[in-house]
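The chain that follows stands alone, in the form predicted on its own, written as structure tokens.
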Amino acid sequence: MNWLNLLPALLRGAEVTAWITVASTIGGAFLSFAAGIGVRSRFRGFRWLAGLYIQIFRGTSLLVQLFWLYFALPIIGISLSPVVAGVLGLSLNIGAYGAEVVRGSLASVDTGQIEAATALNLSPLHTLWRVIMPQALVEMMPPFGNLVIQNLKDSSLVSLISLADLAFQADQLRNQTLETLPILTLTLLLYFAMALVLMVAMRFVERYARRVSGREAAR
């Protein structure tokens, strides 16, 4: 079989994979900041909820989380489409890991900066967004870049809840044509191409964050 004949179906799957990755990365970023800031909150309830979320989703398998969202929730009357379950599951998972990145980056900011903000009579909220966060963002970018690439690779698991992503399309083609080598080779190359695009994008975001924070000039 001509390898080019395999591409249309695989590209359709790659489009779904790309969409799922982008959507879950955005959702995961929101959860990362919410939980990462929450574990440092002065309010015990926020700290407890954020910590519980992080421990549950870091301490359990992503595959089991996806199965629970797609197969277990309907038992209690909550049915999610494969797309919603996939995006939600990936978002919750990457958000839990990203929360630890946010927490560590916030904690790495020099305490002298915080003391100076307090001396200037800045509120805790202003101190967080105007003093701590701009510096912490620079530290977050490299590990966030790794998490985004990992999220792309983890997205292949959504094929197991019948979402027609790249991994799903590759498996369907392989069963139909028995052309294992060309299909898996093309699938590998497509995943690599998407990962390369994400790496370049994250490097650009990292450089932009450094330039905005003034770190680029200081290097």
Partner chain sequence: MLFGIHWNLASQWSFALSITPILLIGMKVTVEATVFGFLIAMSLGLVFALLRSMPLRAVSWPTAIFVEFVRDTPLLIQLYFLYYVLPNYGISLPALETGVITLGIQYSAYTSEVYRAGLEAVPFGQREAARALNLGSFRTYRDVIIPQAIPRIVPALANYLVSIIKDTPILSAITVLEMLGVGKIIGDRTFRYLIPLTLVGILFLILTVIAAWGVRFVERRMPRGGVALK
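None of these values were measured; they are calculated from a predicted model. Residue numbers count along the first chain shown, from 1.
What comes next is about the form predicted in complex with its partner chain, which is not displayed.
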Residue 163: touches its partner chain in the model of the complex, heavy atom cutoff 4.5 angstroms: no
Contact of residue 37 with its partner chain in the model of the complex (heavy atom, 4.5 Å): no
Any non-hydrogen atom of residue 202 within 4.5 angstroms of its partner chain in the model of the complex: no
Residue contact check: residue 64 to its partner chain in the model of the complex, 4.5 Å heavy atom: yes
Interface residue in the model of the complex among 83, 101, 141, 149, criterion: non-hydrogen atom within 4.5 angstroms of its partner chain: 149
Listed residue (31, 50, 173, 157) with a non-hydrogen atom within 4.5 angstroms of its partner chain in the model of the complex: 157
Residues within 4.5 Å of its partner chain in the model of the complex, restricted to 62 to 89 and counted by heavy atom: 63, 64, 67, 68, 71, 72, 75, 76
